[in-house]
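Consider the single chain below, provided in structure tokens and representing the form predicted alone.
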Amino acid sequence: MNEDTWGSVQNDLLKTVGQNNYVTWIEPLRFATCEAGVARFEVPSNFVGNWVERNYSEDILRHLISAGANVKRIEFDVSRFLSSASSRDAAQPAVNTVIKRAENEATHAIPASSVHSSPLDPRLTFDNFVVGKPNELAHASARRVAEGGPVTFNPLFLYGGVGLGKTHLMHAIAWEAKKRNPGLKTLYLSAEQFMYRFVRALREKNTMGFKEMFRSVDLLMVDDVQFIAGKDSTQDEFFHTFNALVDQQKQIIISADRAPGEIDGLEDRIKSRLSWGLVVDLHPTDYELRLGILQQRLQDHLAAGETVIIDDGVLEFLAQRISSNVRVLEGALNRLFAFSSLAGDHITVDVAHEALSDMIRASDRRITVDEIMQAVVKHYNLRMSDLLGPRRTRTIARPRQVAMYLAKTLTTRSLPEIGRRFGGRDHTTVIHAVKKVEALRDDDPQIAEDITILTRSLEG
């Protein structure tokens, strides 16, 4: 067993346990060794290790065996976690390119002649969306779209960082629109799924079926549209689909991590179309909004019959110390509920600090991928389009790899997120870049000096 095997198993576990449980319990695990049939993982605390062993060890073991690992038992070790934190690498299995992956996935895709929306999460409704100053315009706009009637702005373009509520609002729009008009044809999917289905249609010579599917809906929602940046044929089909629906006065809702004009690799004509309607920025959460979200989620848990005693000041402590995004914040609260259930004790601020030490450390690291990109571009005297574009000459590829390495080591962004920020690249490209720079750092004094200078600049 190696790190690639663990990366593959992580992908399987994400599908099995769900996003929140994965972020809270599986993502913190770091593969250490596999000897004599015993797979050892490093964990951030004894609590996390005990909980994972009790609730997920059988699932992990089953997936490891299915992946071909010679494993009979799993053990968790907290002692080595902190010493290895600086060099951790959540490696995942390698594939060639994003397009190759799309072609492989297309073999199992849904036939292009039928309309299938990605599943909508019943928890992601307007009733469960906590409104504050950073997201009030986005919420009001989403509400207006969900009410139906004449299309006043088309498309509605929502953008912002991970975990700020874009996907929540899109699901909420779909639920509300379907409630008001049960016969409404809605289609929600990611831009990556759009590409998969398009590739499948091309391979099966069924592009007409694909066009009919997407152009027959009343409400089209596409998440993470930055994924199609640099993919010319997919962008071309997206452009024509967009125009056809707008001409029919059908509502389109798009989300991305950046504003249309800031998505490098996206054709100018698509940037222009996406800017036609209302472009709304979901700003990072402030303290008041984070506290409101925690209070709402606590009430949700209590209303569901869960019993837990949380001391005064705990929610305020979480809202102050965990500021990265809403998903991490909610994952922290879920972990505290699990701790209370496991330990049979009430939650104090000290207990919260101990149980969430890894999340708090991660949240304290506030360097962004954008800051890293800007620093690398300046250091190597490049243009941002060089860093995000397709060119692979050494003078551009090496700085790009350094930037990806810094994004992995200095931020809490996942490998797929980092890849998307670098022109829609695949997470395996990021893995390769990190390993390459780690190797060069030991053998190439210039690379080592560059990393030191850039790190000091960013952390200073």
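Here the structure is a predicted model, which means the values were calculated and not measured. In this text, residue numbers run from 1 along the sequence as written.
A second form of this protein, the form predicted together with a small molecule, is not displayed here; the remarks below concern that form.
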{"query": "Interface membership of residue 277, the small molecule in the model of the complex, 4.5 Å heavy atom rule", "finding": "no"}
{"query": "The small molecule contact at residue 260 in the model of the complex, heavy atom, 4.5 Å", "finding": "no"}
{"query": "Partner proximity in the model of the complex: residue 339 to the small molecule, non-hydrogen atom cutoff 4.5 Å", "finding": "no"}
{"query": "Exercise: residue 155 in contact with the small molecule in the model of the complex, heavy atom 4.5 Å", "finding": "no"}
{"query": "Contact residue in the model of the complex, from 231, 297, 321, 273 (heavy atom within 4.5 Å of the small molecule)", "finding": "297"}
{"query": "The small molecule: the contacting residue among 293, 252, 217, 351 in the model of the complex [heavy atom, 4.5 Å]", "finding": "293"}
{"query": "In the model of the complex, segment of 327-335, 196-204, 304-312, 235-243 with a heavy atom within 4.5 Å of the small molecule", "finding": "327-335"}
